[in-house]
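Below, in structure tokens: the form predicted on its own, a single chain.
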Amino acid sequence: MSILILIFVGLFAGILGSILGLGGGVIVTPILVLGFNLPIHYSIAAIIIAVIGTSTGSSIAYLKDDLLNIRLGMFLEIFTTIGALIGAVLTGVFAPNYLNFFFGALLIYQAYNMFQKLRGKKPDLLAVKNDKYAEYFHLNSRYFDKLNNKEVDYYVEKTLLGALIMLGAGFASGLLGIGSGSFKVFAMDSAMKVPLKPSSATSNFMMGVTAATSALIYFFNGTVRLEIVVPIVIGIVFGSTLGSRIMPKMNNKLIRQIFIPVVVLSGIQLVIKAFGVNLY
């Protein structure tokens, strides 16, 4: 029964993570810690492996559909990695409470920004300004919109701002041990004006690259519990593959409606943690 529950948890997390470009940790963590009484470090290790499953399952489908912008993903991943290394080195130097509050507030702002787009008070249009860095690194791309049955060209704006956000996201991930999927989507969708569907697809790809690096550490320190990880990964691979089939046929409004409460929940968790309340 426990194995079946874990498979279904992974299935749900894979579907949601694939659609939104998130790792699914916001779903898996409370279930493992509160429902299965699993110590938090074992839960983190399971999530890291699960993220690889989400990324693998969804990225293959997104690559076939031309939703995945590999050049943009690898460009931003450079800054995420640098930030994560800096954060890991500076662990203990910065007060985590202030950083938890700052990054939690930033996620809540991201949700507010998306809510404004839903209400029509902020434009949800493709970028039209030329960015010399996007041109130089060939970051502009196109994708086929299955919902409207047409090719969509898009142009990346504010490349340096996006890189700076990713540097901060990597820093937070390395210092605080939090996932950065929400920040990846934030950097691409809100700052760089990349359409939401390519943002989500590219975020999934990037998370797999980041998680693959971290997974080796968890394998060697013995925190990977195969009886927990295997059923979750089985569910997540199937779920992420299913989610990658569903997402291209969804409209942006529905994706944002799902994304907003998930991001708000993540932001609130960080803000509460900043005041010394350990949720898990």
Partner chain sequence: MNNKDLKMEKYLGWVLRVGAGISMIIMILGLIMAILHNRNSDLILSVGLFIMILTPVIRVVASIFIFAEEKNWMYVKITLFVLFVLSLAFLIGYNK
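Residue numbers count along the first chain shown, from 1. Just so it is clear, the model here is predicted, and its values are computed rather than measured.
This next part talks about the form predicted in complex with the partner chain, which is not shown.
Shown here without its partner, the chain carries Phe36, Tyr42 and Leu160, none of which come within 4.5 Å of the partner chain in the model of the complex through any heavy atom. Listed residues Leu242, Ile27, Ile255, Val224 were compared with the partner chain in the model of the complex; Val224 is the one with a heavy atom within 4.5 Å.
Of the candidates Leu164, Ile82, Ala105, Leu147, Ile82 is the one whose heavy atoms come within 4.5 Å of the partner chain in the model of the complex; the others do not.
Using a 4.5 angstroms threshold between heavy atoms, Ala111 stays clear of the partner chain in the model of the complex. Although the partner is absent here, Met247 is not a contact residue: none of its heavy atoms lies within 4.5 angstroms of the partner chain in the model of the complex. At the 4.5 Å threshold, heavy atoms of Gly208 reach the partner chain in the model of the complex. When the partner chain is considered in the model of the complex, Val237 lines it closely, a heavy atom lying within 4.5 Å. Here the chain stands alone, but in the model of the complex its contact with the partner chain, taken as any heavy atom within 4.5 Å, falls in 131-139 among 111-119, 186-194, 131-139, 165-173.
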